[in-house]
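In the form predicted on its own, a lone chain appears below as structure tokens.
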């Protein structure tokens, strides 16, 4: 049991934008739990730091970390977070709480009497939340985590959500933290591949993450000087890709950089699926399109082609300054929502402001690249090929 805190404290000289403990607008909850679900990304620890430090310092709220995402709710694994644990993690990649992209309390895979079964264990999770005295559950994650957060909210749990994904595919926010760092990491990799492609006169194919949206590939491809960029929103024609490579070769450019999203697909074709994970909320694992494109270019043009899959390199490492700032703003805003009792909301960036939206709005649809995006026009203007015929 956490020690009792003083009922009052002196107000800050700089003023307060939210409730003050000991006053009529004191925080409506005294204990808060936070979890990180889905794939990891740079900035998670910065969010945890901002959220919990604000709740502890400003509102004297006890914070608990649920271990390994919803897995910790299902198997009752958590621990209290104190200031020493929250210190020195602003620049640290990954998540100090651990994460999981398989555990869904509403569709939990279990082996019962030797048979694999799917069971709803959300009520058991709610019992654990109530037993721990958590007045609010803060969930940090992408569309899968947000969907589960909304489901818990519908069952009466106080929830506040923070959007996270390197794919930047959540429609209710302009940007998610982690995206900027992933773009920077990818650009640095493309820069390095440029030199080896030039030295060996090769076509270098770079496969990027992003699932069903091409934001990461588009921005990294343009910033990295990709000659051909393939994204899910623009089905490609292999003949056009090969002709673009041949034209570069005829002009004396004896190498090409092809940046391809893992969800890219040919006209009339399907995405390349690497494997299926049955106990995951999103069972399809995309991958293999890079090698496929490299092999096809090699066969059709006779040019040497190599494929590089950036994979989880895009998830790792220290967050950029931009992501650290956004993470801090998101964590602070979430703490304010918790303290004010404004539940069922997700923090979001709209323009230059951090706002909050409903969980229903947060999970309405996947945000794909707008085909009228000025970035596409700019890329075409400098000669970038998208594997399609110009509109």
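Numbering follows the first chain given and starts at 1. Only a predicted model underlies this, so the values are computations on that prediction, with no experimental measurement involved.
Unshown form predicted together with a small molecule; subsequent notes refer to it.
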{"item": "Partner-proximal stretch of 317-325, 165-173, 78-86, 235-243 relative to the small molecule in the predicted bound form, 4.5 angstroms, heavy atom", "value": "165-173"}
{"item": "Contact residue in the predicted bound form, from 184, 122, 101, 158 (heavy atom within 4.5 Å of the small molecule)", "value": "101"}
{"item": "Partner-contacting position among 206, 149, 203, 209 - heavy atom within 4.5 Å of the small molecule in the predicted bound form", "value": "209"}
{"item": "Residue contact check: residue 312 to the small molecule in the predicted bound form, 4.5 Å heavy atom", "value": "yes"}
{"item": "The small molecule contact at residue 285 in the predicted bound form, heavy atom, 4.5 Å", "value": "yes"}
